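The data below hold one chain only, encoded as structure tokens and taken in the form predicted on its own.
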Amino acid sequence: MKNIFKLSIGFLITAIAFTSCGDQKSSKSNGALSSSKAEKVYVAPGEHDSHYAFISGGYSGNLTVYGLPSGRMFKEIPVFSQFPTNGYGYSEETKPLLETSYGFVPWDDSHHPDISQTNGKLDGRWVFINGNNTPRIARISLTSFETEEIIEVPNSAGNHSSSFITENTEYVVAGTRFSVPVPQKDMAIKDYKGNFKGALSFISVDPEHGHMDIKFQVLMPGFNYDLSHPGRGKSHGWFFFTTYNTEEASTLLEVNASQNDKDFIAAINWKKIEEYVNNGGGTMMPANYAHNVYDENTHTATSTMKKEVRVINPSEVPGAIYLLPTPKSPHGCDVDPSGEYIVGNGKLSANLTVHSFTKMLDAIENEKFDGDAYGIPILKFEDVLAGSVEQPGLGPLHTEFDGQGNAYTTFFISSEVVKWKLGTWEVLDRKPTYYSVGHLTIPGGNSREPFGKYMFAMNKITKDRYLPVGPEMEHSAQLYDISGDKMELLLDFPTHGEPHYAAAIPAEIIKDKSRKIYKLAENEHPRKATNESETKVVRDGKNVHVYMTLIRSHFTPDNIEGIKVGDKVFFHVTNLEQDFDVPHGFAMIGANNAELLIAPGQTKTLTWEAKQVGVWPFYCTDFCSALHQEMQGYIRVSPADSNIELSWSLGED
């Protein structure tokens, strides 16, 4: 027995030794898996992240900026929603950015950011994002990290298949989720089928300044246009949109919009339509939409109402639009870096459908049609199909690419990300997400040249991933290392609002271009005061304009008298600092708006109504110096019939 026992121990030790050697060898060969996860996301104090991530805020209406791999949030950029933190949408200079044909709209639902490109590569000039509720597209400068322009999209509702850009940022494209009567009119909802239209808008982008203008809208059949992406490389000049509700149902869509075995991906040859438009084609339709532009020199936005838009009916440009049958209720529409493969992520499909651009062109040339929808040719499914990923998971939504011939798809129902091989359609790896993943992002993953080191998934349900904070939780994102053969989950980090999509880019492309200050010498604000000698208080009837400056650690002026009940006071406040990261705040007791946060060299305006007799303080809200608490002032408000003269001072008793 002793010999048997010794022999057994010997075999056990030998087995452990061999296993240990095998593990060491495997660990070394896996590379990325050999180091600790903490090391791979750790950014030492004073060091910088390697990537920026611009994550949509969903129902916050804004855009958040994170660092990767740390998952640290750096900034929330206000876009479609008022933001009391810095006065966006409250200051007189920024309120025009939120004007629409419906009036002042201080909120939206932001979904899909996309970074500008040159030759199919991320260039880091601007990031665009859509407002889903009141259809709008915004352009944010990646120099100032501020919203510079918002254009409303007419003939649209539920601006969801937006905002995706072409390879040279010729266009930012916006597709309507909800089809509507075009033009709008009073009609029975039950008459939806055949009467509603889906508008696909191609918004041109000025290559120097980024200014947007609606070049044309394609009026498509009344399907729901869910998501889109541009062709690239060999498919440059085309744009692809997923559709669902090809049944054209108007009620109980969860049942009635899921009857067809296949819906469509709409392939739009925008180059062909552009040529038609440049030659005078299309019809100018009456419209009413806002175009809002922020001037960085005057620090002021203006809003202009535009009154017409050019529309194109598909029948006007034969050979420009085709429909690719795609199972079933496809959501994401994603194009690989080569431009050859178009992935239709069918939410209700057992398989993942991949179309071939080359086969699509052949089917068009040889008229391999399977009927039409409202005159638009439907290509035969088998003649455009590149292949299928067989039963990869449940509820596919979105796909991105690593530039190494691999694709990564999210599966909402089975809560996972699946890695698969382009061309062979083989599943290579799968990793769980926590929980119910929506979008995923690889830096540059929807461009011609992805940066395939990281991938992060944005999950819809958080549950137990963080400490509980009541019934409403922030959403959960998860960062994966995709540099090896297998994905490795590195980090959970919370995200603000409800992120849908994100755009990420190596920090080196944009960080050195980031603005530090606004130069006072270049300040063209009409009510600026670029030194203390230019400060003044001017009455214009019941409007009083205060030309004010601030610098560490006082306001000029800091005492104002002669204001009367019923006056409206406009504080035009200029920050005289010319040092990086020295903003000043301005808050006035009883103001029915917000504070101002004013960057060095910038001028902003806060409006305050004098409602009560008394002496009312104002102060700096941003801790700026050791004497920050001393940075304050007073306004004396007298009765409406008072004869006290207007006066102001600094350092006088």
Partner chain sequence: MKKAGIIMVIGSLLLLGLFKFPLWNIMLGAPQYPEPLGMNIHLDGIQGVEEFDIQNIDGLNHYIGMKTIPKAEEMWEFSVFPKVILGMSLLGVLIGVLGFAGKISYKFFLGWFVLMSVLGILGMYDFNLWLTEYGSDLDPKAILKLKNPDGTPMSYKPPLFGHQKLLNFDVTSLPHIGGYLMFVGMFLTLVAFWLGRKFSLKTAK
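Numbering follows the first chain given and starts at 1. Please read all numbers here as calculations on a predicted model, not as lab measurements.
Omitted from view is the form predicted together with the partner chain, to which the following refers.
Of the candidate stretches 56-64, 624-632, 586-594, 606-614, only 624-632 has residues with heavy atoms within 4.5 Å of the partner chain in the predicted complex. For the options His525, Arg465, Lys564, Arg552, the one in contact with the partner chain in the predicted complex, meaning a heavy atom within 4.5 Å, is Arg552. For the options Val537, Leu361, Val427, Ile517, the residue carrying a heavy atom within 4.5 angstroms of the partner chain in the predicted complex is Ile517. Taking the partner from elsewhere, Glu449 is found to have every heavy atom lying beyond 4.5 Å of the partner chain in the predicted complex. Within 4.5 Å of any heavy atom of the partner chain in the predicted complex lies no heavy atom of Ser303. Among heavy atoms of Asp579, some come within 4.5 Å of the partner chain in the predicted complex.
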